[in-house]
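Following this are structure 1 and structure 2, which are two forms of one protein chain, each written alone as structure tokens.
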Structure 1
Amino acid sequence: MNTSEVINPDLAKERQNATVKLDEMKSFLGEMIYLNQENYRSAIKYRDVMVKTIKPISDENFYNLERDQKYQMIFKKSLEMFEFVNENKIESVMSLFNIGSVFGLEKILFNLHFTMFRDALNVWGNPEQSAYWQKYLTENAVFGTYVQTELGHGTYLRGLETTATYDKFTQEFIIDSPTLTSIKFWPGGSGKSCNFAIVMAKLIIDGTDHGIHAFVVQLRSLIDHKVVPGIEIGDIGRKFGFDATDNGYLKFDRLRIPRNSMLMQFAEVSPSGQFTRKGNELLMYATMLLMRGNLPLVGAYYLSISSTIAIRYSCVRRQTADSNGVEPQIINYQTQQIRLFPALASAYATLFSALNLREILLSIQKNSDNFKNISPDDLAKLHALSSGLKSLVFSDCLKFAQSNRLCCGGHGYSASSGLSQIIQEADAACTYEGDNVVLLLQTARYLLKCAQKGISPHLEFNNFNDVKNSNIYKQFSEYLSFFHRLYEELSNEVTGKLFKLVKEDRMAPLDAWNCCSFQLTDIARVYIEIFILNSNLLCVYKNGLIENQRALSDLMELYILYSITDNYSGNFLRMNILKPETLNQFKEKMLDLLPIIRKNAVALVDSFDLLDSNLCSSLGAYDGRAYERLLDFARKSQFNEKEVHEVFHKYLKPFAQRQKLRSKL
């Protein structure tokens, strides 16, 4: 389509009327995302080169493609991306935000290779093993995946059934899938793409079960990509989303692999079959922590995209006449604002808390010699925090992805809007890397332990003292205190109930825990909400530019008022923390904030600095020319390649003839 510089006039007007200083806000966010000014400049520079070197999927009619075409395209571009990153040596300034300028919402095909596979070889392998594999990793000859879940087993690691039985005579492990439920299922990239894998399996020596360990297994030949004998492997078929990913299944039939295939940093099997544990196993978990710690940023990316699309389109779209017969922009409607702006507030809140979590993790990584000296207490706290935040972020991300899609009406349902893919990605993220509910319960378990020990679980940030003396803090301290009280009350309520069930009713502890689990998820939520509020206070405080700080603090206030009146209202009243009148006032205050935020809504999404190629959206592009893009997308439908679809000759014509005959009988 013609991409001339004409901007939709309604959208242009929104930009003119904003008080936010755009360039400054972009820098503010960019420097936080890329850690400093220099990285940020570098990332933006390479982004511009990148989208010229590798054609973004937004220019490839991507959402009209069939699954196989999508897979091939992402496969090809993933390899191009590696070469680009390698040649320019810019791995350190890569983020979802600039990778997304080529890939939109799609994932690079071998992402498990660069995260789990590579990290596992480095951290779980002993020094010789790490060095050995490093060579192949550098050469990019080996593409690996991480194989854990089975048909019958998910998060519960000890339940895995795949066996690795040591044969001391040949000094090999025999990897086997003894049951239907033990068949490996879901690992990304294993279906067709990868040639290697880390496989988690139960180690058995002389009939003794030594628990779950990691094994490096070759899946396909490096020469011709044929499947190694002893493995049945394939794609698992279509999914809700993830069209371009070949999630796979793997069935092992007594596959033999050499002894050295077991990663032996934390446990060893000697040639004669002697099993020994060694090293600091905590380190194993710390690796996974870093990975989970990065997920909230993924959620922030999705939220920022979906808000950008829905808010821009709501300025362009006009619907239902006012008394003068003029159709207003739909963003004028309160029912639209009350959905769009909490989503926007959540996008910022998520971004700020994700960045804060990352900062905390990086600082601990640095101070603990790459986690080697991390204390069990710190690890437990970080685990609780990152689990809970991952859960809240993606639940919100899904909720708002869904409501943003609904805010865009019929056209939001077109794949070209990009909104449906965000739903599919957010939905998956509520399950992968830990089911959202299970994760909340893990956070709650930590919180109860703190309660038992009589210690506060809440984090005090290094630089929070400065914040506490600021006006921003004063503005929000009362709200914060409400949430602290809510946490205390809910925590007391559920610990009291637990105590009663166990001590008075003599219930088994696990059963009592189960009877309280719904309420336990609540305290985890409130705990994380407090972390989110603190993170936001910190970031709003950091933004020294008065206009921009004001816009962010308005948004934060909306976030809080929406939380209080929507999600938590019943609990606040039930616990007598808020009076009915106060809640009524808060509700009115929230509604009054909407037109204020509306003034900067477009500027606030523009500040995310997402390219049209990040958005991949007919509705959300910078120029607001939604209808041109929808029509363009329609014309490029694969169904339109022929004027008359073959169904006419195959089915409709013979049917009509039969019917004619029948009517003449």
Structure 2
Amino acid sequence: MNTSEVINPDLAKERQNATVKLDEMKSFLGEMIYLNQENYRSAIKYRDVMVKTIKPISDENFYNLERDQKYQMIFKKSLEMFEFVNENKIESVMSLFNIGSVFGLEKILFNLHFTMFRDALNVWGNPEQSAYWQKYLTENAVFGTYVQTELGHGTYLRGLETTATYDKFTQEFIIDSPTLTSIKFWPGGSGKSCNFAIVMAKLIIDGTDHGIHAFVVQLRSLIDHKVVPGIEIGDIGRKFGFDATDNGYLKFDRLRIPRNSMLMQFAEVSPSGQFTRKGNELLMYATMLLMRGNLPLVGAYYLSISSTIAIRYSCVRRQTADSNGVEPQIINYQTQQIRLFPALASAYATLFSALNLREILLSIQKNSDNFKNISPDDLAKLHALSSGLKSLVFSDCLKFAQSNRLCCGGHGYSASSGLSQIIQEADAACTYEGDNVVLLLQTARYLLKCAQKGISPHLEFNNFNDVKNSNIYKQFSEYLSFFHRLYEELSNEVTGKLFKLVKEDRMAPLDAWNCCSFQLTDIARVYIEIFILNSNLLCVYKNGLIENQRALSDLMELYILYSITDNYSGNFLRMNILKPETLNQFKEKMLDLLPIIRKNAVALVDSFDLLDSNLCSSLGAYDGRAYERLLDFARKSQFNEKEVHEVFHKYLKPFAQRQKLRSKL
């Protein structure tokens, strides 16, 4: 349904009254997302061509389809996307924001092929292997996935139980699932779609365990797509979400693969079975960090979508007549604003911090010759930062996606709202690539090591001295000092407690760590908050247009005040950093910001430059014609295809006849 020619008058008025310069804000965000203006313009050009070449799922009645129909549609469009990329010789189109213009919140089925599978071949394979596989992938319709998680273990690599036992007589590895818990479970695209995989397994030679290594394993025939003998493969069944994705299980039964199937850039097994480590093994882990390092951008994308939907709909929806009989827009209610605007502020804060992390990752990648010369200190820093930021981003994303759903009332519960899909995606992201709590503890471990060495874990950004001399920094410096003080107090408290438990109470270090784990997650959160605040300061400072910089600084202040009063107030009070009356003042200040932000709320979500096909939402479409779209979605339900459902003939009609017969007796 195309209703974009007629804009809801309330939404049109919001755009007309905004002070934010929309085109300039779009350009500012686009340049940061795509690294420069040239990339941004190119990406938008290809995006516009792509949505004309590949029909977006928002135009396909996707959320009224059954699971198998969804799978087939996404499979077809994934292949069309693959061909589009090859024909246009482009890589930037694979950006999440561009893929989403066709797929909405759904995942391209071969996402792991373009990321972990190809990266593993290029980085973990030696030069001969990388060259071989690059040629093989070009000549064949190979689509790969990455297989690590098992029924019993996930991100804990050393706990994996799948084995790769070397047979020196045949010069083959025997891939096996020796236990129930060793069966691979959850890999995306492995149930029905992919024909190859990178399988992480424990290398065994002559009974000796040589740790976890990567093996290239063919799963299905390239001719008829049948499963290779020696593997049991299937889809794991229905999940909370991801209906179109075939997450699979794989049980290996002494599957034999050639010796050169082991990727041997960092370790090698000779034909005679001699095991040798080589190269910089840190590179293997640095490559895996690239995946986690990009996840906060995914969270920012989800949060920008849910805020766009909820804010636009809140301008369209009117509720409860005033004394003049006029129903106000629900965005005018303070109780609506206090839920909508912290979510919007978090969307921008998340985006800026995710982009800053990506910049740090790219800088270290460049300075270390594509991670070949990465130092242990840099790797530890990246691991701590990417782990903690991923945890905070998706925790907030899930919280605010649910809040935004509630802000849309009953209509927000419709699949056509686009909000349930975001909740499902954010929910899953709190677990995949590392459970959020476990990741915070990994960040905390790094922070404790820094404390033991007497060094600061906080990053010094490039050109940050210019920021420190600016009025923007002066505006926020006191807030920053509060968080720095909180970090120091919490750090001193937990290190003191750990010392007492281990040295004085003679507790085992692991038990002492467990006794302090809740406090350790607190210091990790505050550490990441400081990174988020500094990242936002840097980005707000970079925006030189006064109207837009003012709008961004208002959002940042709201983000800080909300964090202090809602997320950390207990610790601020407990550590005597802030007094109750100060927190009350901050709460009032936060409420005073709401009507200021309200003026630019629509312009700020429009600045994300999301197409309707990104949103897949009846409530959040650019034209604001929510009610027409809701009714259109209802009419297209497959449940409505027959005027009389078969249950009438099977159950209700016989029941009525029995009732009639009984009434005559």
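Because the structure is a prediction, the values reported are computed rather than measured. Each residue is numbered by where it sits in the sequence of structure 1, with counting from 1. For clarity, a rigid core is taken as the largest C-alpha set superposing within 1.5 Å between two forms.
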query: Index of the chain form predicted in complex with a further copy of the same chain, chosen from the pair; finding: 1
query: Yes/no, Gln657 Cα shift of 2 Å or more between structures 1 and 2 with rigid core fixed; finding: yes
